[in-house]
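Heads up, the chain below is alone and in the form predicted alone; it's given as structure tokens.
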């Protein structure tokens, strides 16, 4: 095993191939929003405004509690540049969730609440024996953000809000084979397992509603540097000769979770129809390199750096909802997400490409207070190819040359209670 290969495995720390946004970003933060292409910055739909635009929370009509969960079911195929059979990802399902509780006086200008959501999460398992098994075989990532939030309506037209983003829990497990055969002809194996430190950021927003038919929102979520310290390194299946070169038992790494700035517009032509348009800008350029430290030498070194060179990227979203009856509302939307990963820098843990997303959703109210929200997304990533020459020219031969293709289906369900 080369040190570059180990870096690639470590590169998956706190990242994933979540199929809902570019890079390793996940934006499945609200069930109603999920059915509307992910719009929400310029709208005040429900308590999920705490994530999309805290400034809009003060304009949400009802107080309430809501919970939602999604199932990200991805299918991924890979064909090596050298040819051979197409490899497919083994079936896995990750379950990003969200929970919101919003409070405040019924007729007052002040709202407060707590949001819990999972902005990063992934579970991938590549096919046995695939060409990139020495780079990655498994990844299982979990993360939870907690965000206390306050919002205040300065006037009937303008409200502001802010939330303290807390990276409250993060866990990652990564596995790969090692290109060193033992006496039985099998390959060695490495498993990295660690938990991230608690970190803090902020989420601020403003909402301007010049009329009953138009609203404009601005939102900014800051960068958080996620850090793993003293993660466990476990080697297995190595020969005695190979084991002497791999003595590390602990690792550390830091990954930037980039800042995002968004602008959104809401249009309400009548009481039943709501339309939303969002543009999100993500400062992916903060992810230039991934640096590691080890408590003991790995192939002669205790620290290293691997290129990522991500680029800032834009996401365009459009969606709408229509109230069919007093209890039933239907939704639809779409999004186009530019990948931040440059040609020649694609990695197995994030085989990213430009994404096209179509969404549908519906809500039904049972009585005055209780409701159910359903959503579904279909995400199609463009075919992404990188050649061995690309890797050599970019100095990124710690990853495998070939073509990736990924599609995903993301059904979701939410329950809400308003008062």
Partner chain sequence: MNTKFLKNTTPFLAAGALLLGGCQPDIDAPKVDKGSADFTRYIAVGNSLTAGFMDNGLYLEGQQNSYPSILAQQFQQAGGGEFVQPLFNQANQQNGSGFLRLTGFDATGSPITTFVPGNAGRIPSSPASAPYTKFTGPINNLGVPGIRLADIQTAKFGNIQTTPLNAATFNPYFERITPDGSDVSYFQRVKAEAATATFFTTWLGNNDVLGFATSGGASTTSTITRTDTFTLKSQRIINVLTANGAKGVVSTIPDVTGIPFFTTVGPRLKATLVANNVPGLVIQTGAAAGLANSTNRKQIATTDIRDASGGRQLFTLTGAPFVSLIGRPTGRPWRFVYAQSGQPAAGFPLFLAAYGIDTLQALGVTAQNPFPSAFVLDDVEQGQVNTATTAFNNALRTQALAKNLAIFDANVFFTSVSNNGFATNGVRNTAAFISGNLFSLDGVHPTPRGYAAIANEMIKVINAKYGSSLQLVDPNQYRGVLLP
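In this text, the rigid core denotes the largest set of C-alpha atoms whose superposition between the two forms falls within 1.5 Å. A quick note: this is a predicted structure, and the numbers were derived from the prediction, not measured. Residue numbers count along the first chain shown, from 1.
Beyond the structure shown, there is the form predicted in complex with its partner chain, which is absent from this document and is the topic of what follows.
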Going by heavy atoms within 4.5 Å, which of 209-217, 95-103, 140-148, 321-329 lines up against its partner chain in the predicted complex?
321-329
Classify residue 251 as contacting or not contacting its partner chain in the predicted complex by the rule of any non-hydrogen atom within 4.5 angstroms, answering yes or no.
no
I'd like to check something about residue 185: if you look in the predicted complex, is any of its heavy atoms closer than or equal to 4.5 Å to a heavy atom of its partner chain?
yes
Considering non-hydrogen atoms and a 4.5 Å limit, does its partner chain approach residue 82 in the predicted complex?
yes
Does residue 179 make contact with its partner chain in the predicted complex, using a 4.5 Å heavy atom cut-off?
yes
Of 225, 302, 240, 305, the only residue with a heavy atom within 4.5 Å of its partner chain in the predicted complex is 240
Exactly one residue in 77, 275, 171, 279 has a non-hydrogen atom within 4.5 Å of its partner chain in the predicted complex; which is it?
77
Contacts with its partner chain in the predicted complex - residues in 344-361 whose heavy atoms fall within 4.5 Å
360, 361
Could you tell me whether the Cα atom of residue 326 shifts by at least 2 Å between the shown form and the other one after core superposition?
no
